[in-house]
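This document opens with one chain alone, in structure tokens, the form predicted alone.
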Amino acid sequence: MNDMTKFDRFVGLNETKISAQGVNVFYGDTHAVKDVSVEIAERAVTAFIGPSGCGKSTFLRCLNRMNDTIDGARVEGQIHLDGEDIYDPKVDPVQLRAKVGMVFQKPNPFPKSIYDNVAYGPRIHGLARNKADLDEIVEKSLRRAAIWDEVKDRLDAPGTGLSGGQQQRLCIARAVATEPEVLLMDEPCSALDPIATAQVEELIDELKRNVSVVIVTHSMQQAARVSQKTAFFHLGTLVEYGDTGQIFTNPKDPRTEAYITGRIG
């Protein structure tokens, strides 16, 4: 084994974190996701790209069972996290979502203080033995989300009083506070200005050292900047999946090339 192969194995680039086989999603009679099979790499950023309504966000929500909360939604197929079937009846969705966190397109801080927003998950999952532990988790999470210096003197202020970019980073801090193994991000920068977007992208780059990140984005520039793997969805199907550089410079499917060059969208 050469040194590079050893390094790849060490950082987990060759390991699969999530494996999906034959996933179909129905909303009532609407077949939203059609027979999607994909392997999500460990400790890497995977981008889902494609036109609006192509199924990428719906499939993303399958990965932590958020579709369970939607009336009339039905998921078929298999999704395994570290070899465990996440749709097994024995799996508690609340515990699953501590492992597979999610950040939504629109910042959604709880109507609580900045401190309590971040402390919420660690409290309900029993991750802190005492107030000192909780203080440490809150500070560490806010630092990881690159917002500590902006809020450290007003942790008792309401999270809803922050700017849009600050709210999104607070939601990221809330998501990472439970030490998730996977972080799902559904267009997390679509409502942000370029400076806040750059801050979130830097955070994604830092998180991938320890976390598998899956991001849905409409920005192909963003996908190219932050991801190592890219999946292109179209009309509910996964058209192509591979290394980001290959997808953007030498796509195998003409539909991928048509999307990347702006001929479909």
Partner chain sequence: MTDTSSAPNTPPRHGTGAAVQASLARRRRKQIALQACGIGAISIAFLMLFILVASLVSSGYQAFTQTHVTLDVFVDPEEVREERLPRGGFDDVLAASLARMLPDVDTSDRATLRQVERILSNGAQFALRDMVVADPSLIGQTIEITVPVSDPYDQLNKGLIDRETPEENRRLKDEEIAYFDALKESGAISKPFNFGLFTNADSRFPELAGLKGALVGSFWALLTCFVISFPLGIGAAIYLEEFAPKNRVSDFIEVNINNLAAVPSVVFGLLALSVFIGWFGLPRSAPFVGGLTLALMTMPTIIIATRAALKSVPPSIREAALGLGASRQQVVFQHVLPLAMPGILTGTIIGLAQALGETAPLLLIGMNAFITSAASSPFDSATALPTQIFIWADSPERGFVSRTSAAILVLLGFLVTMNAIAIFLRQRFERKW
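Numbering follows the first chain given and starts at 1. Fair warning: this is a prediction, and the values are worked out from it, not measured in the lab.
The discussion below concerns the form predicted together with its partner chain, not included here.
Asker: Quick one: in the model of the complex, does every one of 27, 77 and 80 get a heavy atom within 4.5 Å of its partner chain?
Answerer: Not one of the three qualifies.
Asker: Heavy atoms, 4.5 Å, its partner chain in the model of the complex: which of 104-112, 188-196, 161-169, 139-147 makes the cut? Say which one.
Answerer: Going by heavy atoms within 4.5 Å, the stretch is 104-112.
Asker: I'd like to check something about residue 61: if you look in the model of the complex, is any of its heavy atoms closer than or equal to 4.5 Å to a heavy atom of its partner chain?
Answerer: Result yes; residue 61 sits at the interface with its partner chain in the model of the complex.
Asker: Residue-level question: is residue 94 within 4.5 Å of its partner chain in the model of the complex, judged on heavy atoms?
Answerer: The answer is yes: residue 94 has a heavy atom within 4.5 Å of its partner chain.
Asker: I'd like to check something about residue 52: if you look in the model of the complex, is any of its heavy atoms closer than or equal to 4.5 Å to a heavy atom of its partner chain?
Answerer: Close contact is absent here: in the model of the complex, residue 52 is far from its partner chain, nothing within 4.5 Å, heavy atoms only.
Asker: Using the partner position in the model of the complex, report whether residue 125 sits within 4.5 Å of its partner chain, counting heavy atoms only.
Answerer: Yes - in the model of the complex, heavy atoms of residue 125 and its partner chain come within 4.5 Å of each other.
Asker: What are the residues of 66-97, in order along the chain, with a heavy atom within 4.5 Å of its partner chain in the model of the complex?
Answerer: The stretch touches the partner through 66, 69, 71, 94, 97.
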